[in-house]
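Heads up, the chain below is alone and in the form predicted on its own; it's given as structure tokens.
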């Protein structure tokens, strides 16, 4: 069955930003779905859907990502092919417009899984992925947000990111293609005003992304430190494998574990090996959209 599910972040999305988030995830869904119905692979669909959100300044991924304490963009992404459990990821990159494409290149053409910083950018250049100027990734909105936070001590405490519950527009997608292969991917600019070099769950296989054709695929969004503590994506996969392949039940149980064990907040999207969906979140809102072969029209909600 052809199937794809998208997320564009789980947080307290303001009323004025709801429509741009809804349109953004619908655009990504349309691109990913067309890739699938045209015969493309699940990997192709996930990459193209996420690229569209990285290019959309609505989201904290690619262009328009949050700035760290130094006023710089640092991007993370991961992708995993459930057919052979292949995966690739990059973290703390400054000059890559579409980190999901670089993560795929790592998966396809490197013996490694995770490359970071200058090494990741060197690998990109060697494999003909065009580098950009770091400032080209910064938009006016994020510059103003960053400037407003300078000097605030409450953003430099151990629990500041958790307590503030600021925007977390991590984006992700999970897809199943005509050969029933499953792929999952996640991309983010990380947490607003984060310490330079901070890495969250998004580029960590098992925390932000996981795919296994025998079970399904998962992409997460939210407070990354908590997601890492409970190995969120793999935990949801294991729950789904144990419950007989019920994605909604696994998603809800995963979020319950996140809250109970790590006092965490966020959301997950889940796709099982039958092309069925699961979504759960414990934030006020979550941007999501999905479509499969048995549906007459796509679904989107915030």
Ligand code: ASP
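Here the structure is a predicted model, which is why all the values come from computation and not from measurement. Positions refer to the first chain, counted from 1.
Just so it is clear, the following notes concern the form predicted together with this ligand, a form of the same protein that is not shown.
A residue is said to contact a partner when one of its heavy atoms sits within 4.5 Å of a partner heavy atom; residue 169 meets this definition for this ligand in the model of the complex.
With a 4.5 Å cutoff on heavy atoms, residue 82 does not count as touching this ligand in the model of the complex; it lies far away. This ligand is not drawn, but in the model of the complex it has no heavy atom within 4.5 Å of residue 209. In the model of the complex, this ligand sits within 4.5 Å of a heavy atom of residue 224. Stretch 184 to 192 is the contacting one of 127 to 135, 104 to 112, 184 to 192, 144 to 152, since its residues have non-hydrogen atoms within 4.5 Å of this ligand in the model of the complex. The partner is not shown here, but in the model of the complex the stretch 176 to 210 reaches within 4.5 angstroms of this ligand through a heavy atom at 188, 190, 191, 198, 200, 201, 202.
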